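Presented below, as structure tokens, is a lone chain in the form predicted on its own.
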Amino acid sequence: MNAFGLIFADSYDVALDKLTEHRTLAAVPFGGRYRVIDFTLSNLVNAGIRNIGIITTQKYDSLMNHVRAGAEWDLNRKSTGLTFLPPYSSEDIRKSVYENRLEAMQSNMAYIRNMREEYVIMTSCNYIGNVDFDKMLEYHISTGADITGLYTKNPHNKAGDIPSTEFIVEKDQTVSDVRITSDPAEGACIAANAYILKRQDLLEVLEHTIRENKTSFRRHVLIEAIERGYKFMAYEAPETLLFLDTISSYMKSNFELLDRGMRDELFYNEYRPVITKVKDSAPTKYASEAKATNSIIADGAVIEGEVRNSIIFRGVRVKKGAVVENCVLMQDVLVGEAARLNYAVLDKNVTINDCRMLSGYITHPFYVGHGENI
């Protein structure tokens, strides 16, 4: 494909403060054995993209450890491949921490200049989906668009109290306005923060915004493009997009995987596999008294108690008499004997001692932070 990819690893439009306290959004675990970045990287690689830059600002050690040189995605090549783009890497703009996507791109113009592909596909990590970027690029080229933005009319688990970018889309699929809304109407065209444009056009836009000291991608790039008469096309994602705006939407999007149809759409496409870092773990061990119902349980877990309607990551141990229901338990969580958990999200290496009871609700999950002992 004659395009390179830019991934925004940080959380510009989400309220996942607890989940991203020690990691960037792209490194957040999802679905039992994946990280959010796995879906984004796989989407680009499955479209034939072999040059990908990951723009980061802070707390990216976990992300770098997971992705490494990109070998799992066949990106560890001599002349092309994966590049991490941390702060302080450019003379174009001196920013220690990027406050938004525009500043992130302004600070990495040297990388963009060095690319040889004609087009750039840029995307955030605030959604999960098996997106066919190849078809989106074909649409962009066939319509003669200057900019093409990805959107959905069915944003699964989009939090109503988190501002969303909404496209006003005309009958011919051109975008006539871009708005921020906290209460989108049913059927609104909600942007997924993924865009395609020519590399040279992007460079010209970035140079203009630096000269004019402009900082908003929505106002100073998208809206100004519309005002200047550029052809801004909207591309509706035929795939389901699961959003990760809050702890609640994170939990709901994980629970969507308990539906077989959703799992089939995400993972069982012969030509668009979801790739992740390989870890060799023993098969999950179920004790004679264990019960597991409607759950996803990764390898390396030990289940002695009962698990219902939950997502269980690698290395989790649920001891005898414990009941885990409607929960997301990340890697190496230990649930003690006779403990009861309901609507809880437990980060990595959490220990829940014997007989403890934690309960939240689907709209307000009980969250336990990395390494805590209760």
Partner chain sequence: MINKKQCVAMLLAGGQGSRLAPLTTHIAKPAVPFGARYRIIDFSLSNCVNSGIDTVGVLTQYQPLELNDYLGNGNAWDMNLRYGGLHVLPPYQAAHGADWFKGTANAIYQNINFIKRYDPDYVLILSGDHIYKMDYSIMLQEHIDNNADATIAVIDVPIEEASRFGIMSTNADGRITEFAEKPKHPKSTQASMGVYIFSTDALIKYLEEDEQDPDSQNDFGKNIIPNMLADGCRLFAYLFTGYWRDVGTLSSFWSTNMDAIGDLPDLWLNDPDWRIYYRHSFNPPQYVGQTAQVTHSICGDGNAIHGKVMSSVIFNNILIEPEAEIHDSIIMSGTMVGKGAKIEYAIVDRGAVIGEGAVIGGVKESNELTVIGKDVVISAGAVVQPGEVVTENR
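Residue numbers count along the first chain shown, from 1. Since the model is a prediction, treat every value here as computed from it, not as a measurement.
What comes next is about the form predicted in complex with its partner chain, which does not appear here.
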In the model of the complex, does every one of Q200, E212 and Y230 come within 4.5 Å of its partner chain, counting any heavy atom? no
(Q) Taking its partner chain as it sits in the model of the complex, is H156 near enough to touch it, meaning that at least one heavy atom pair lies within 4.5 angstroms? (A) no
Quick one: is S295 in contact with its partner chain in the model of the complex, heavy atoms, 4.5 Å cut-off? yes
query: Might R263 be said to contact its partner chain in the model of the complex, defining contact as any heavy atom within 4.5 Å?
result: yes
Is P283 close enough to touch its partner chain in the model of the complex, meaning at least one heavy atom pair within 4.5 Å? yes
Its partner chain in the model of the complex has a heavy atom of only one listed residue within 4.5 Å, and of I168, A290, I223, I162 that residue is A290
Residue within 4.5 Å of its partner chain in the model of the complex by heavy atom, from K279, K135, H208, R113, is K279
The stretch from 136-144, 200-208, 253-261, 235-243 that lies within 4.5 Å of its partner chain in the model of the complex, judged by heavy atoms, is 253-261
